[in-house]
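Shown next as structure tokens: one chain only, the form predicted on its own.
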């Protein structure tokens, strides 16, 4: 009896310590975002937040940000490019993953391994070749150039891990019933891939939304700028008003945050099931 009480006491202590550690970790994660929002409600000329400077008048920062030159246009560009990137990356990744996971052809494993090796190459290494290729095809200053590079081996790998858990018998049964290959993919495989495609959508959206270096290189026309590029220009023009800059950063942060909150359940499910192999 005494031993059980000691074990229970130790368990309770460990539980309390775990909860405290989790609370501290959570606060440390969300604190920068809270700081950003509070600083956006001031007209501070320094990055140091003073509570007495926070007021409803700081909401005017959001008005001037949205009214500033090219900000709304850049918001539209970022939303459009992110949506197109998610759509095409999901479709192409699903098709490639379906081929690698469910089709047997010579060199399947070798080709997939070679494809995965591209994940080890930093994007900065291929920046100049990508730029030269886009220029040779006259694709600079186009929406296509802003999202086409997001289609890479990561999406294929993520979807293939999930696709491996789909029973081969299910697809074979559809084939025996005379279902064409494209209908098997569209009507059977794609619906089963919904959780992992939601996860890939979030990864793709956040990656494209936060991308800065490539849009800066691939776009020279101001009406084609994305939010990250315009935000950097705001920082250069309004270095004396951190409230204004943080208002722009807050607006930029809101969209991926809403997307994640909306799809959080499916995102966690897709990531969890992607590691399960049949």
Partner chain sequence: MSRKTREAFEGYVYIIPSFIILLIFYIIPIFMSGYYSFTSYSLVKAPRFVGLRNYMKMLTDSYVLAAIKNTFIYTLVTVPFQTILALLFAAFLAMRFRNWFGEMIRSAMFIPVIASAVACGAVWAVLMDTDNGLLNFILHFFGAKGINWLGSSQYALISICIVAIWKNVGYFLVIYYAGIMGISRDLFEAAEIDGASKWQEFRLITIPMLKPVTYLIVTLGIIWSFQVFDLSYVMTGGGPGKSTVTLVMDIYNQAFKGNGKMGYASAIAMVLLLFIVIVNLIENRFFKPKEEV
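Numbering follows the first chain given and starts at 1. Between two forms, the rigid core is defined as the largest C-alpha subset superposing within 1.5 Å. Nothing here was measured: the structure is a model prediction, and the numbers come from that model.
As for the form predicted in complex with its partner chain, it is not shown, yet the points below apply to it.
Contact with its partner chain in the predicted complex holds for all three of 100, 103 and 118, each having a heavy atom within 4.5 Å.
Checking 206, 84, 166, 190 against its partner chain in the predicted complex, a heavy atom within 4.5 Å turns up for just one residue: 206. Only one segment in the set 158-166, 105-113, 72-80, 190-198 has residues whose heavy atoms sit within 4.5 Å of its partner chain in the predicted complex; it is 105-113. Residue 128 belongs to the set of residues with a heavy atom inside 4.5 Å of its partner chain in the predicted complex.
Its partner chain in the predicted complex is not approached by residue 66, whose heavy atoms all lie more than 4.5 angstroms from it. Contact annotation for residue 143: none of its heavy atoms lies within 4.5 Å of its partner chain in the predicted complex. Its partner chain is not shown here, and in the predicted complex it never comes within 4.5 Å of any heavy atom of residue 61. Residues are counted as partner-facing when one of their heavy atoms sits within 4.5 Å of its partner chain in the predicted complex; in 121-151 these are 121, 122, 124, 125, 126, 127, 128, 129, 130, 131, 132, 133, 134, 135, 139, 148, 149, 151, in sequence order. The Cα shift for residue 212 between the shown form and the other one, taken after rigid core superposition, is smaller than 2 angstroms. The Cα position of residue 21 differs by 2 Å or more between the shown form and the other one after fitting on the rigid core.
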